[in-house]
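The chain below stands alone and is given in structure tokens; this is the form predicted alone.
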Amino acid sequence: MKIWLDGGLKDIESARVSVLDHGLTVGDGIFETVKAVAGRPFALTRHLDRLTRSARGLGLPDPDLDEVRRACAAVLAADPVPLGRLRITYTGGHGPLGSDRGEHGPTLVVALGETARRPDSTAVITVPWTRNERGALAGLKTTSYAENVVALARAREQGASEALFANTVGQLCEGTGSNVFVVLDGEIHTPPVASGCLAGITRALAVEWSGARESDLPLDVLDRADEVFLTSTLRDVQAVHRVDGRELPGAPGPVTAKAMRVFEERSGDDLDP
């Protein structure tokens, strides 16, 4: 396994980040997860655009996107797995043991791990914790991920693969690493970015390709939705067959099945839509 660090490829045994890196000590960093198919990244331009937006939102210098592209290409060429998780991490770099940033500049790491295709459907739970739609990190893909770790652990304990959050005003928001869609009377709805959810890359493509509407939705819409599905980089479009104790028999339902089919066809036709 080869990892890009400090401007070049390194073996996993020699790739070392400082113990004082601000991404480690205080979670001061951003990241992107990119799907790689047969050694080629999917939607890389959209991911790099969001990486820059997240960097600006966190007050980090703009990443050198030419270097990031070179890093992705080098890592993928070194290990062209059939289906991979390409992880781009960009942190505040070496810094003091506190919230102030240092003067050493950012750290860029790019790594690749092999993954498997997700099942067609999955179970989810709702959790009592909320997303803060007015927080400083709302809408940014940061490495401050601890609340997602806690929520996902709760989901695993209950036989689910994802946990869904409301925001502070009780509206449906997102999952720990996914966006959520519901089908009501044949129409697809998803929470707007103003709800505090991440502007997911797969979410945006699913909205564009399925005609989904952005709608403010109460959390209890999950109790009456005809169909529910998730989107994310590695899930693509994935049906939900159980929400908490509510079964959704026959998942994927007809609307979700069409969204899944269209996404698979369109993403196969264009690797950088």
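We number the residues from 1 along the sequence you see. On a predicted model such as this, the values are computed, not experimentally measured, just so you know.
Here the subject shifts to the form predicted together with pyridoxal-5'-phosphate, a form of this protein not shown in this document.
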| said: Check for me: heavy atom within 4.5 Å of pyridoxal-5'-phosphate in the predicted bound form, for each of S178, G200 and T231, yes or no. | reply: yes
| query | Quick one: which of 112-120, 78-86, 95-103, 168-176 gets within 4.5 Å of pyridoxal-5'-phosphate in the predicted bound form, going by heavy atoms? | reply | 168-176
| said: Just checking whether R50 would be counted as a contact of pyridoxal-5'-phosphate in the predicted bound form - the rule being heavy atoms within 4.5 angstroms. | reply: yes
| message | Against pyridoxal-5'-phosphate in the predicted bound form, would W129 count as a contact residue? Criterion: heavy atoms within 4.5 Å. | response | no
| Counting only heavy atoms, which residues in 118-153 are within 4.5 Å of pyridoxal-5'-phosphate in the predicted bound form? | R131, K141, Y145
